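Taking the form predicted on its own, here's one chain by itself in structure tokens.
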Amino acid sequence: MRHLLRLFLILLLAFVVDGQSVYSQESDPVTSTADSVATEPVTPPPASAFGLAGEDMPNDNGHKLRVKWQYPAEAVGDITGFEIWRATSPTGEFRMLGQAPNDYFEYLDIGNKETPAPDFMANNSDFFYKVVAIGKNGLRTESEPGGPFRTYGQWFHRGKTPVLVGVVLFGCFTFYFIRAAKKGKELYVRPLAGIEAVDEAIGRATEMGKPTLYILGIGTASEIATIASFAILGRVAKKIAEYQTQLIVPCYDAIVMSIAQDVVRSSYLQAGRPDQYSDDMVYFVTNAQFAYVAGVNGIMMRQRPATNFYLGYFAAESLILAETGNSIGAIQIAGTDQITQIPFFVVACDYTLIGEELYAASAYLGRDPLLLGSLKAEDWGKGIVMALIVVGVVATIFGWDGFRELIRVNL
């Protein structure tokens, strides 16, 4: 009995000791977790932007505002940037416009006056803004709404005053030279070798008893180069009518063909040879680029024209046409405003009108007061621009800032 009692006491003591060790093992993690939570540092949200100010942008039609704000210098390193929000009232719905880096404290709000709200930004309207600072920890702090800031539209862009002066000056030149031309004053125009050679080229075709081929290019009737070519075609057709030789005008565009027929018919009428005109002189080939080139080359090889004119809008077909005409020994006069095609005409043709000379040719041939006066005004305008460029370079070299600002154009 004594032994049983001793054994019972030993087991009871062992049970008590084991329970205390289990309790200590379960309570330790709780204690350590509480300690860690208590000691972990809490990251505060970023500082708030303040001092919002709005500035209407000058020289616009009232849909630009520059928003500026301030931010504590010591807190700049704690943020990644700013978000800019806009609303039409301080209690209305704000819409995010864009972002700015953490070291930039202004934002140019360029609204759209054509779309509805909230993107709508009309003239003489009030707007409210707020700036949200974004912390590196992801926390965000909104500023107090700033406003109202109003946009104002201006009637005149003061930065473009030099453009206005130039337009008025050019208009005066144009008016003066047109009046002078109408009064019969002789206005000098620099001779163009290609135009001077027109009579010679047509005369050669007449002497040889061969036709003259006139190509208007592959442009439409609305192309400036095609319009200029119509004027030259009228002069060429009149001279051909006087010499009573043959004219061939294959066309790429049907509308261009119709206009060209009227131009040639009028020229024959002015020359007193309406009976010699035929619609077969001007005809439509095709509006497929290289099919048209193949057709015109076939005409060259069969008809063997003595003179070829290439005046108008040209593309990749220019060299093919010019080389074919050169192979049959024709005198070739070309002109286009396409810079990429001018080198091909220069190497394969006898005379080439370079760029703007094509436009000047119509005034040179027709001597029309409107065209001639406009041409002279343009030349004077170019001269003034060139002089300003030279003076501007000199002013930049010597640091004459006043003159540079005087002729500076702000877009």
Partner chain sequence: MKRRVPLIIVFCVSLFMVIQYFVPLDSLERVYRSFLDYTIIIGVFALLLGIWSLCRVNYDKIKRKSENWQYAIITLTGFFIMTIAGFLSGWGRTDNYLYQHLFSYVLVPIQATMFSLLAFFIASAAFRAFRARSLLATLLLISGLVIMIRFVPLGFLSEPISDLAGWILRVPNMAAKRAIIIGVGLGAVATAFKIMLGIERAYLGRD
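Positions refer to the first chain, counted from 1. Heads up, when I say rigid core I mean the largest set of C-alphas that superpose within 1.5 Å between the two forms. Computed from a predicted model, the values in this text were never measured in an experiment.
Another form, the form predicted together with its partner chain, is not on view; read the next lines as being about it.
- Only one of W85, F170, Y71, F127 lies close to its partner chain in the model of the complex, with a heavy atom inside 4.5 Å, and it is F170.
- Of the candidates A254, M208, L139, V76, A254 is the one whose heavy atoms come within 4.5 Å of its partner chain in the model of the complex; the others do not.
- In short, of 87-95, 155-163, 240-248, 209-217 it is 155-163 that has heavy atoms within 4.5 Å of its partner chain in the model of the complex.
- In the model of the complex, at least one heavy atom of K382 sits within 4.5 Å of its partner chain.
- Taking the partner from elsewhere, D109 is found to have every heavy atom lying beyond 4.5 Å of its partner chain in the model of the complex.
- In the model of the complex, none of the heavy atoms of T151 sits within 4.5 Å of a heavy atom of its partner chain.
- Taking the partner from elsewhere, S48 is found to have every heavy atom lying beyond 4.5 Å of its partner chain in the model of the complex.
- Shown here without its partner chain, the chain has A254, I255, M257, S258, I259, D262, V263, S266, S267 in 250-267 lying with a heavy atom within 4.5 Å of that partner in the model of the complex.
- In a rigid-core overlay of the protein, S318 has its C-alpha displaced by under 2 Å between this form and the one not shown.
- For P58, the Cα coordinates differ by 2 angstroms or more between this form and the one not shown after the core has been superposed.
- If you fit the rigid core between this form and the one not shown, you'll see the Cα of H157 move by 2 angstroms or more.
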